[in-house]
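Read the single chain below, which is given as structure tokens and is the form predicted alone.
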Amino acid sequence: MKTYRVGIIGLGRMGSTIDDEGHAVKPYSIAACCEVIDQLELVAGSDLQADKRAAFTRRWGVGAVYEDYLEMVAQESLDLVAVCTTASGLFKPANEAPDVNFRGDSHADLTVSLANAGVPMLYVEKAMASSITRADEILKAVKANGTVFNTGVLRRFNESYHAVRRAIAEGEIGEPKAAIHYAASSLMHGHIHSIDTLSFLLGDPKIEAVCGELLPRDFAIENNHIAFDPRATFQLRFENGIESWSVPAGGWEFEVIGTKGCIRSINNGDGIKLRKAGDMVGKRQGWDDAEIAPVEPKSHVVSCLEDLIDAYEQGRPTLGHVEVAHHITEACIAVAESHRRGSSWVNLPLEERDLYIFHV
């Protein structure tokens, strides 16, 4: 069994400390996951802040810490690098762009640089880029270098959502007709998850068109720049005819409705509710509760990293490969483009690719 050397860029929350916050299925930080995956050896970390580097060494016993990530890559012969910085590159708690000219995009900068530096495997926090132009650069670099790639849209790696996807694929609800996400959310930090999960549950069909609205509804986009991560709602039209909506209420639940029933992921992935066509009641057909096999919880981050390793070894696409990540990112940014056009439908791919949306 081959062991792979891991380095982390960004030694804060996702890189090191998020398990202190009480996530239900641990381990969750990249560092903690490396401790339980036999094939991964955490050997190095990089952060611009000296206090983060010192805390990382104390916590994980990793002495090879660097201010310059390229020095880390050059010195440590890394097989996998996890990009866990903020999307903007600004230190927290910064939650908006300092001015209209700011277009910081740390995830895109680092991903392109690391792919071109020849790092074989990359985990990149979401969203992969803050504009479609930068997402295009990632797509080009990752494909050109044969980089094995996953992003931090981690519901895609949740065993509970896999069970929902299997039930749909196996025809438990008949032919899917509609899919709904329930929760109020920001666009880039939240709806990158909701759009990705809706797509995943349906088997990742192409999204043909997007209709969206930012809140407040009278918000005007100027200079191809949104200085904060706005609240949003959306509607999606998939190439197979399925339509999907976000409902800005509820607690991160997903429902897919078909011709013979419906299935719902409840309580942020903690349970599944399946209803199937039952006996005729009068002139209407009732749907009855149906059993679905229980799901054994597993760390979504562990599953994501294991998928990277297996894809690298087998020469197959990852579950969140760069083409699907790019497509979902474009659909997410298209929500804002639709708002700019009076919440009209916009087709993918978008012609305007330089709209920048700040997010943390």
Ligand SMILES: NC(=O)c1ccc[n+]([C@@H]2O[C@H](COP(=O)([O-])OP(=O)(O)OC[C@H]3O[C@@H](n4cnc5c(N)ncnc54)[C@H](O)[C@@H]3O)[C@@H](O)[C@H]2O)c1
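Not measured: the values here are computed from a predicted model. The numbering used is simple: start at 1 and walk along the sequence shown.
Omitted here: the form predicted in complex with the named molecule. The next part is about that form.
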For T86, is any heavy atom within 4.5 Å of the named molecule in the predicted complex, or not?
-> yes
Could you tell me if V25 has a non-hydrogen atom within 4.5 Å of the named molecule in the predicted complex?
-> no
H327, heavy atom within 4.5 angstroms of the named molecule in the predicted complex = no
K140 near the named molecule in the predicted complex, any heavy atom under 4.5 Å?
-> no
Of K276, K273, H189, R231, the only residue with a heavy atom within 4.5 Å of the named molecule in the predicted complex is H189
Interface residue in the predicted complex among Y123, F157, F200, F254, criterion: non-hydrogen atom within 4.5 angstroms of the named molecule = Y123
Out of the stretches listed (329-337, 290-298, 35-43, 48-56), which one is close to the named molecule in the predicted complex, meaning heavy atoms within 4.5 Å?
-> 48-56
